[in-house]
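This document opens with one chain alone, in structure tokens, the form predicted on its own.
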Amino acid sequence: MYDFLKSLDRRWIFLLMLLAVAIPILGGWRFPERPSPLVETVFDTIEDLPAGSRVWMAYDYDPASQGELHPMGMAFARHCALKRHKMYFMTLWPQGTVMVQSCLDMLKTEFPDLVYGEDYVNLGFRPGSEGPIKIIVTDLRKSVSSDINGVSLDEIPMTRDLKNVQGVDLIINVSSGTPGTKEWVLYASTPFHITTVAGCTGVQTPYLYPYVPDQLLGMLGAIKGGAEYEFLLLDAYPQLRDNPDAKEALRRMGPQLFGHLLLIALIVMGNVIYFMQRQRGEV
């Protein structure tokens, strides 16, 4: 066995990883999640808002982070739609408009009773890194005068009386970098005491923990956080259980689990082989 493992062709390892990822995907394997307190806080914050509350949906990520962040972005939109909150979509990333449009397409398909301009609006991309945040917290129209279609905010029912972001009940930010959650915390939630929750990449999460819970009420970390949030959403709204798109993060946890287990096994195996070689004087 030792000689076999020592001379094992690496292509077998590549094949094992392919199977570890492909089999859970093809089998549609899903596993129950145990939501963390941070995820439960995010869910409860949105759930406890009165119906019709104003929610600022700041989606600051692009297709490069779609696999990790888009399921939680879609879950946030679904939750707000189910609660009949008013959703104001905006992005500080040029390609974030694609992600926002994907959420709007989902709303049109799954919630056809919602009306654009009355229940949700797309304010599009705003250039200038954190600059637009500093402006819209005091005067929305100095940075955003129309929606993505060029319609004046004064002509859109849900923006007609909105003077600035201080007029919303909650900020939801989905972020993969800068500008993103940190900037919304520094220039919106902290100075103006606007309740804020977020979803971000796994790499970004540790840097945001210091802001929790005073400046950032709760946070979803990576695809794991998205899966936990979907688990809570499906539990609270059983009608979503027949919608495969509402389980996207849960679906992606299967291949991640088996891929990680295989990596751990390979690391252990590699160390065993190394120490056996040392005992035999081969290294």
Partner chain sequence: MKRTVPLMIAATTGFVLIVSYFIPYTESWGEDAMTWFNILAAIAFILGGGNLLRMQLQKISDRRPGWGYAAVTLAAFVITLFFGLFKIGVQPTAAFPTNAWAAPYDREGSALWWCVEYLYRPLASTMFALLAFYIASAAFRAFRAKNTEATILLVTAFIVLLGRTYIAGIVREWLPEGLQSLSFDNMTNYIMSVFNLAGMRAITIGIALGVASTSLKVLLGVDRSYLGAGDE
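Everything numeric in this text was worked out from a predicted model, so none of it was measured. Numbering follows the first chain given and starts at 1.
If you look for the form predicted in complex with its partner chain, you will not find it shown, but the lines that follow are about it.
Asks: Could you tell me which one of S145, T178, Q95, T195 places a heavy atom within 4.5 Å of its partner chain in the predicted complex?
Replies: None of the others qualify; the residue that does is Q95.
Asks: Is P210 a contact residue for its partner chain in the predicted complex, using a 4.5 Å heavy atom cut-off?
Replies: P210: contacts its partner chain in the predicted complex.
Asks: Within 4.5 Å, heavy atoms only: does P112 come near its partner chain in the predicted complex?
Replies: P112 lies outside the contact set for its partner chain.
Asks: In the predicted complex, does A246 have a heavy atom within 4.5 Å of its partner chain?
Replies: The answer is no: A246 has no heavy atom within 4.5 Å of its partner chain.
Asks: Could you confirm whether I25 comes within 4.5 Å of its partner chain in the predicted complex, counting heavy atoms only?
Replies: No, I25 is distant from the partner.
Asks: Would you say all of M17, A64 and E68 touch its partner chain in the predicted complex, counting a heavy atom within 4.5 Å as a touch?
Replies: Every residue of the candidate spot has a heavy atom within 4.5 Å of its partner chain in the predicted complex.
Asks: Counting only non-hydrogen atoms, choose the one of 112-120, 97-105, 167-175, 77-85 that falls within 4.5 Å of its partner chain in the predicted complex.
Replies: Among the candidates, contact is made by 97-105.
Asks: Which residues within 241-279 place at least one heavy atom within 4.5 Å of its partner chain in the predicted complex?
Replies: Sequence-ordered list: M253, Q256, L257, H260, L261, L263, I264, L266, I267, V268, M269, G270, N271, I273, Y274, F275, R278.
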